[in-house]
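As structure tokens, one chain now follows by itself in the form predicted on its own.
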Amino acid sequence: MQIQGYEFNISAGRLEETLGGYLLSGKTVQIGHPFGRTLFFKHGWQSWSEAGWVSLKESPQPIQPPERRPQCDDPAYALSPVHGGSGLGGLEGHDGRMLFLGALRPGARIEADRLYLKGICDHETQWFLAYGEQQEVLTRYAELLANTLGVRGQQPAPRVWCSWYSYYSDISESKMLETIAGLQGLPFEVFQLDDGWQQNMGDWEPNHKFPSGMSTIALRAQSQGLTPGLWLAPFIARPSSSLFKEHPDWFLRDEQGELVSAGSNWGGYYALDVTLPAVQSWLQSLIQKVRGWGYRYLKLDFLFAAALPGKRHANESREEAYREALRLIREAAGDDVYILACGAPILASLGLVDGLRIGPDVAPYWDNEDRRVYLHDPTGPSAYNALRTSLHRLWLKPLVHTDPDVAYFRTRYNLLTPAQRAALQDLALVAGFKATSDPPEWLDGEEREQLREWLEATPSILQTGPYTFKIGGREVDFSSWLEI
């Protein structure tokens, strides 16, 4: 059929016209296109997975080393010889517009080559097909997803101080109490403890560095008008954890009965089978316990683990299993708890979480070239990786708070130039999510004032192009930052 002056050969179970495009149905749909080896809009599976335009003239390269693949992108397609992405994708037409295909339910894959744009799913689903300007097509797609998956996070996102990008796991009760005191006078709304408080991955009790228990930090934050926040990775555990030793039968295994590796951090870790009733009860008890400590902001990390390939107790698809586990967590937390999902399958998280990390971790340096170029891994911590993928996920803003990760104001322990720091600060403004990890004692007077002004600022935001914005009265163009 002809769309916008181009001839497309469409194969689908059913096709009907809708506002801005067409609705297709079927497990598999295929669109023959005339664009050859053009650019493909790749949308990675989870928060850290690459999103952006890639060339069909170059074959995809598998991420190295293999043990990192489960936590970088969907490992089911790690060795795919064709370009693909999760849930949605598109091709650049000869006129610069986009041939777009997106599933309206989680669990689908989009693949592209010089002849076809394909949608593949293990169950019947609807697909949105359109040809048009990138922003217009993605806006319409988001409207359709709102109807099928739901919307959360429509109030302004909270302003967050997070411990990770300064202290990393070197946190303690005394250090965190000092930090809370130092934040007085800065208009933060959340004080969030990150990794380093727990006994082990899977053993979610305070370690020896928090001798008074986790309620002490929560109460101190509350006394200063801050919402207490806590980091958890509820779907994973290390083999050294008591959880794993006591319940080895709770963990995901492959068809041969071997444990499924979920990644290489902390020397390696495994994924819970979240379809087991005992695991579901444990998850809800964990969230209720943390809520009882006083935490009303939860950063839930490494969530992709619940949707890894494996043999599950219940006969559910990977992303259905993940979404049900997330629903149980939401139920246990209650609607008054803010949930920020990180390392999370994107489409399968919509409607259940308030905030969603939309890129890899930032870092106080611009590029991670060795890993990005030579290991073919664009998911490593760096300002460039975070900015690039986050810019290509801003279309999610009508559905969820989009978190591009923290901005930096400090010059201490920081290799970013002033212009690079400003780019991350502006990215946070256009994404609508402000967070930093700069300890107050690391800031000089000028840096602290810049941070305060940024936190208080509420400029109007107008997107004028794929990478251009008006922030208040300023014209901001991110396209130059995308060029390495």
Ligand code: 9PG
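When you see a residue number, it is the position in the sequence shown, counting from 1. Please read all numbers here as calculations on a predicted model, not as lab measurements.
Heads up, the form predicted in complex with this ligand isn't pictured, but that's what we're talking about next.
Colleague: Can Trp366 be called a contact residue for this ligand in the predicted complex at 4.5 Å between heavy atoms?
Modeller: Answer no; every heavy atom of Trp366 is more than 4.5 Å from this ligand in the predicted complex.
Colleague: So in the predicted complex, does Asp361 come within 4.5 Å of this ligand, heavy atom to heavy atom?
Modeller: Although this ligand is absent here, Asp361 would touch it in the predicted complex, with heavy atoms inside 4.5 Å.
Colleague: I'd like to know whether Trp48 contacts this ligand in the predicted complex, with contact meaning heavy atoms within 4.5 angstroms.
Modeller: Within the cut-off, so yes.
Colleague: At 4.5 Å between heavy atoms, is Val190 in contact with this ligand in the predicted complex?
Modeller: Looking in the predicted complex, residue contacts with this ligand do not include Val190, since no heavy atom lies within 4.5 Å.
Colleague: Just one of Tyr408, Trp197, Tyr131, Phe302 has a heavy atom within 4.5 angstroms of this ligand in the predicted complex, so which one?
Modeller: Partner contact (heavy atom, 4.5 Å) among the options: Phe302.
Colleague: Name the residue from Met98, Cys342, Cys121, Met214 that puts a heavy atom within 4.5 Å of this ligand in the predicted complex.
Modeller: Selected residue: Cys342.
Colleague: Spot the stretch among 274 to 282, 142 to 150, 163 to 171, 242 to 250 with residues whose non-hydrogen atoms come within 4.5 Å of this ligand in the predicted complex.
Modeller: Within 4.5 Å of the partner lies stretch 163 to 171.
Colleague: Can you confirm whether Tyr77, Ser261 and Arg318, the three residues that make up this candidate site, all sit within 4.5 Å of this ligand in the predicted complex, judged by heavy atoms?
Modeller: None of them does, since no heavy atom lies within 4.5 Å of the partner.
Colleague: Note that this ligand is not shown here; using its position in the predicted complex, name the residues of 61 to 91 with a heavy atom within 4.5 Å of it, in sequence order.
Modeller: The one in contact is Gln71.
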